[in-house]
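We give structure tokens for two forms of one protein chain below, kept apart as structure 1 and structure 2.
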Structure 1
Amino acid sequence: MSSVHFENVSKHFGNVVALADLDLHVESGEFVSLLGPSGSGKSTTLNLLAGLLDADEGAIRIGERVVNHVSPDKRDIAMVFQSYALYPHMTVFENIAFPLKARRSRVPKKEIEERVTAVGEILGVEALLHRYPKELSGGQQQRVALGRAMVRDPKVFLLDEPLSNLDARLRIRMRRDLKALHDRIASTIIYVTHDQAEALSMSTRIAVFDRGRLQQFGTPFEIYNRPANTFVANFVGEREIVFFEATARVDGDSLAIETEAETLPVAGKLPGAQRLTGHRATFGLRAESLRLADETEGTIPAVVSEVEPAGPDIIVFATTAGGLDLSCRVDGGTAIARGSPVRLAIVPDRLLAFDRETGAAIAVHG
């Protein structure tokens, strides 16, 4: 296993900037997800690292070795493709054994047999080894594709949306299996996804991309709770975040948010509130940023407009006196009806604030 470094790497396709000035340093043994909407440059990043594309500018390193001009077969990486890319004319066994039979790897025949069988058992495809890819279900094909990568001992694993075609259940199981695999072999994994739940649940760190630019590189906690800008804040989170522009009224380390129509108190202390002084800010509130409160002091009166069951929780949509539509996640056992008045409290730790011009986060949490 190895570390992976992108140093000021750019890639253009004609006029399209697929990747702009990427600086990304992945440490050895990390599980890093590349997260972003369609066309944001995730696959481009992966293909550059695999050697399937050539960078226009910048250096790409695997460990200490600059690989810009090293062909894919000499980079010692394993990759699982978005489309699986199983060799249709080979059995499952031959597919998994294929990397071991390459001239470079020189694995003895007996060992090939052992390793393929072992991988087949781990992935639960040991009974299918003699079948051809077209005789497998989507989930089985996907596991064979994983097996072909696992059977090697590469410097880096690259996975391009490997779970995107599985049903929801299998997907969640495979997520756990992948994480377990990473824990066991402790190899460097770079994982492309546009499913934030996958990224948040498996990664040691997440790189969020938008339109070819790296927006933020951080732990799942940081990405979710301390998004670097409005794009990241909006992109992660199960539901849309509520953004509104307002002026901050700072008093020591406590804060009130003044919109044109009303003043929203923030119940509790915000250590970095001072940084808002003089800023015209955009505030962001997720469903988790609010809670239902009993007290009247420091809370916001609102009227319930909609109640939406969401698995174990319910999401309460409520409109404030000033006409701001907020949502709040509460326990599924809460009895609440449309039209009833409630009081909402802003959870200080979950309040997000951004510069109105640049969209960059303001560190209100200290």
Structure 2
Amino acid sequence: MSSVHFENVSKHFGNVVALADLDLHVESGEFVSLLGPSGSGKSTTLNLLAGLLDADEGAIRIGERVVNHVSPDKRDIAMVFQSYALYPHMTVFENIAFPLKARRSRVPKKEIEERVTAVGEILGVEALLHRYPKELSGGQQQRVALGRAMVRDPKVFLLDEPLSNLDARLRIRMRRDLKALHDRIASTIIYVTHDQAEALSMSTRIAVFDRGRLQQFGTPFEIYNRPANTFVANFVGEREIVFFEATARVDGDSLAIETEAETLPVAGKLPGAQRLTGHRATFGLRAESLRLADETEGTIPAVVSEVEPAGPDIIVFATTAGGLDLSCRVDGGTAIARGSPVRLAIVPDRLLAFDRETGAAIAVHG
């Protein structure tokens, strides 16, 4: 395994900036997801690292070696694509063994058998080694594709949306299996996805891209709970975040948010509230940022506009007296109906604030 470093790397396609001044360092043994919408630069980043594209500017390092002008086959990487690309006329054993048999330096037959068997055991396909791809399920085929990459023992694994062809339940299972596999082999993995659930559940760190620029690079906790700007806050999360402009009224560690139509108290202390003094900021509230409350002090009166079952939870949509549409997540056993009056409390640790001009986060959590 090895570290990966992008140093001020840029890539253009004509007048289109696909990637701009990327500075990104992946530690050896990390599982890093490149996350973003279509056209954000994540696949360009992966293809530059793989050697499928040439950088216009900057340096790309694998370990200590600059690989800008190193051919893909000499970079000691292994790539797994969205399509499994298995050879249909070969058995599972032959598919996994193919990279070893294709090497210029001959690998002894006994070593090939040992390595393929070991990889098969790690991936749980040891009983399938004599089957053909058409006899396998989608999840099994994906494991074989991973095995073909693993048998080479590369410095870095590159995974390009490898789970997107699987059904929803199998994707969840494969996310857990991929995480367990990484924990076991401790290899450096760079994983491209547009699915935030994949990135949040598997990654050591996540790099969020938008329009060719890196927006934030941090742990799943940081990306979700401490987004760097409004784009990251809105892109990462099961549902769109509610943004609204307001003025902060600060009294010690207490905070009230004044919109043009109403005042929204924050239920509890916010250690960094003073940083909002005098600011007209953009505030962000997710469903997790609010809770239903019984008490009247420090809460917001609202009327339920919609109730949406979401498995074990219910998403309650409610409109405040000032016309602000909010939502909160409550237990699935809660009895609540459209038109019901409720009181909402803002959870201090879940409140997000951003500079109105730049969209950059204002740190209000200590």
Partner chain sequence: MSGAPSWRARRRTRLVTGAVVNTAIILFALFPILWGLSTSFKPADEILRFPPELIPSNPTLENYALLFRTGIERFVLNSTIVSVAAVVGSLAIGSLAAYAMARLAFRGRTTLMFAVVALMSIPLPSLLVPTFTFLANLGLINSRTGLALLYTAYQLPIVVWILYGYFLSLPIELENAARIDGYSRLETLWKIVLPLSGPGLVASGLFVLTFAWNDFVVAVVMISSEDYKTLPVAIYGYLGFYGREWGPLTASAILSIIPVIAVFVVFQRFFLGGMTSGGVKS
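Rigid core (definition): largest C-alpha set, two forms, superposition within 1.5 Å. These numbers come from a predicted model, not from an experiment. Counting starts at 1 with the first residue of structure 1 and goes up one by one along its sequence.
Shown as structure 2 is the form predicted alone, with the alternative form given as structure 1. For the motion between the two structures, which is treated as two rigid parts shifting against each other, V192 and K11 share a part. The chain behaves as two rigid parts between the two structures, and the smaller of them turns through 19 degrees against the larger. Structural comparison between the two structures after rigid-core fitting shows the C-alpha of Q82 displaced 2.4 Å. Lined up on the core, P133 has its CA atom moved by 5.0 Å between the two structures.
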